[in-house]
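What follows is one chain in structure tokens, specifically the form predicted alone.
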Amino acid sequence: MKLLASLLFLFGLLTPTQALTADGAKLYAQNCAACHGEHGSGGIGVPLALPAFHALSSEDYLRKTIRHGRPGRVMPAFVALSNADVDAIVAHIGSWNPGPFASYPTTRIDGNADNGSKLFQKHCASCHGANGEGGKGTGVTLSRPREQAIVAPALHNAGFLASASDHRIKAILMKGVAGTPMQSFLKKGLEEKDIDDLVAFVRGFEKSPLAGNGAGQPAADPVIVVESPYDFKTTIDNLKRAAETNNFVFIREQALDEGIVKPGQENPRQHIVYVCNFGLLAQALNTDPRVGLFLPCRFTIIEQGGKVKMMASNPKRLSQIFNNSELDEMCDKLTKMYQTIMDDATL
């Protein structure tokens, strides 16, 4: 696609913007479409093709959003993309609506943050959270009421604050965003001065950042490993009993390489034990459907060199990778459960 666009541009068949858009379509499909929809209609992510979103967004805002992401809110930071790649994606998003993107001054807006705090609790907290942490569900479609067209974004978020200028925030408050639950605050009866106060309060979040999902913290070990003092069969039997004692239901046991090798050639000293706490599973799936990648719980037991080991993927590490702060506490709890089950099996 990039070579074709370059050739067409070289021979004058594409303008520079069209060449960028051609590259951007492919890059968008690779990096953005899974969450924001193939044509920007939204899904897990916000609908980027909304005319109101286009009219209220600057190219700078989009570039910085791609670069910074939203820590703890599913949207990752795309640090591996080149500046040209980011520009191409922005151009492709811009091609969905006529007219240019918005342009905003970079100056700060003066306002009374104390009054803004009161206004925020009255007019904003019900959607954006009492501390600006964002609406529940972090943008994952299955975890929020279906009647909500879009989950309220996190305002108390390092990625948002680094991307959105004061004047963009003000413009959204003044005009609202047609096609979303966000209404014009002028129509709610607020004065422009009140809106300036709200902007000043939101900008003040920079001085007291919320804890992200493991941001700046050492990554948890990807795998929990516990060596067993028992033989292979006894270890598996102990693990099943320990799981049931800790409110997990045994589902099945199978050879690790079942389905990979021909039937009858499976390694008899490498097994997987599946167990599940269904209440915890339902809660996790409602928070983020992607946990289906590692739930229900799986323990791998192997015997090698006369030693038996139990292993499990560490949910705490997976939570950090998923970039969803709502999962942190749950996955930390699940990691402790895994450790308890494996410890009990080795008593």
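We number the residues from 1 along the sequence you see. Keep in mind that this is a model prediction, so the values were computed, not measured.
One more form of this protein should be noted, the form predicted together with a small molecule, which is absent from this view; the next part is about it.
*Asks:* Ok, Val177, Ile109, Val275, Ala91: which has a heavy atom sitting within 4.5 Å of the small molecule in the predicted complex?
*Replies:* Going through each option in turn, the one that passes is Val177.
*Asks:* Under a 4.5 angstroms heavy atom criterion, identify the one residue in Lys240, Arg203, His271, Arg168 near the small molecule in the predicted complex.
*Replies:* Of the listed residues, the single hit is Arg168.
*Asks:* Taking the shortest heavy atom distance, is Ser103 within 4.5 Å of the small molecule in the predicted complex?
*Replies:* It does not: once the small molecule is placed as it appears in the predicted complex, Ser103 has no heavy atom within 4.5 Å of it.
*Asks:* Is Pro47 close enough to touch the small molecule in the predicted complex, meaning at least one heavy atom pair within 4.5 Å?
*Replies:* Because a heavy atom of Pro47 falls inside 4.5 Å of the small molecule in the predicted complex, the answer is yes.
*Asks:* Though only this chain appears here, would Cys124 touch the small molecule in the predicted complex if you measure heavy atom gaps against 4.5 Å?
*Replies:* Output for Cys124 is yes: heavy atoms within 4.5 Å of the small molecule.
*Asks:* Val226: heavy atom within 4.5 Å of the small molecule in the predicted complex?
*Replies:* Heavy-atom contact with the small molecule at 4.5 Å: absent for Val226.
*Asks:* Mind telling me which stretch in 261-269, 232-240, 245-253, 155-163 gets its heavy atoms within 4.5 Å of the small molecule in the predicted complex?
*Replies:* Single hit among the candidates: 155-163.
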